[in-house]
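Single chain ahead, by itself, as C-alpha cells, in the form predicted on its own.
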C-alpha cells in the first residue's frame, strides 16, 4: 500500500507549502494531506513514517519553509482536531490540537472562562503552542494545562499529565515525533465583561507594538536569559534594515517581514546577520524561535 492508493480526497502532490504559510515564501512539499480523524492520522503516520519525513502543520504562522521545499509529507489536522468543549460540572476545557488560538479565546469569552485571553494575541494553534510552550503578555499555554493526548513515535495513543511534561520558556519535553491531538485545561470562571476587557487591552497593545498587517512569522528569536531580543537587535541598529525583499520591522525589531516578494533565503540570511551582529557586540547567542524546515534551493 502507498499514498497513491489512499482514499483521501485531500491528498495533493507537489503542494505549494511555502506559499500557504504566513511568510508566503518558500518551496513546495512532496505530499500534502488533511487528516480529519484520528483513524486517518494514524493510518497516514503508519504508512509514511518509514518512507519519508512527516511534518504536522498548524496555522503556518511561525514557519519558514526554505526555497528548495520540503521533500516529505505535510499533514494538516482537520475537523476532528478542531473541537472545543467544556465540561461544566468538572470545569475542564477540552481543546483539539488544530483549534486556532483566536477561536479558543472566543469560546472562553462566550463561556465566561478566564486565563485564555492571551491566546487572542497569538496567531497559532493549540498543538503548536504546547510543543513550544507559547505565550505572551505574561501568560503561557502550560499555565492551566491538565493533560495532553498524543500519538507517540510507536503510534501509541497516550494521555500524559502535566506533571510528566517538562515546560520551560518557549520549550517543552515533547519530541519531534510526538503528535499532540488534544489537550485538557482547568476552566477558571470569571465575568464576561472582565474577560472582554482583557482581550481588548491585548488587541490594542498588539496593534501598537507588532506588525500585525504585514507578512511575518511572529517573534523571530527567543529572548535570551535576562535580555529582550528586540533590545539587542535595536542596539546593533538593525531596526528597518533590509536584505532583498526581507525587512526588520520598524515597529518591533524581533519581527522579520516579507516586505517585497522576499525569498525564504532573504529572510533567513537577514536573521543570521542579526544573530552574528548581536554575538559580535554582546557575545549573546540569539536562538531562532521561528521553525525553519526544508532544503535550500540549489543554484
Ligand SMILES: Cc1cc2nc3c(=O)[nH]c(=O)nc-3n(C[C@H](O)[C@H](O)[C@H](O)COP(=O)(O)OP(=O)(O)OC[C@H]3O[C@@H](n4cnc5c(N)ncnc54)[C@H](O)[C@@H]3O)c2cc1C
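Since the model is a prediction, treat every value here as computed from it, not as a measurement. Positions refer to the first chain, counted from 1.
Form predicted together with the named molecule: not shown, discussed below.
The named molecule in the predicted bound form is not approached by residue 32, whose heavy atoms all lie more than 4.5 angstroms from it. Contact annotation for residue 60: at least one heavy atom lies within 4.5 Å of the named molecule in the predicted bound form. For the chain shown alone, residue 117 is not a contact residue for the named molecule in the predicted bound form, no non-hydrogen atom being within 4.5 angstroms. At the 4.5 Å threshold, heavy atoms of residue 86 stay clear of the named molecule in the predicted bound form, well away from it.
Among the residues 148, 179, 95, 108, the one placing a heavy atom within 4.5 Å of the named molecule in the predicted bound form is 179. Using a 4.5 Å heavy atom cutoff, none of 20, 27 and 269 lies near the named molecule in the predicted bound form. Look at 87 to 95, 158 to 166, 183 to 191, 213 to 221: in the predicted bound form, residues with non-hydrogen atoms within 4.5 angstroms of the named molecule sit in 213 to 221.
Looking at 124 to 142, the residues that come within 4.5 Å of the named molecule in the predicted bound form, counting any heavy atom, are 124, 125, 127, 128, 129, 131, 132, 134, 135, 136.
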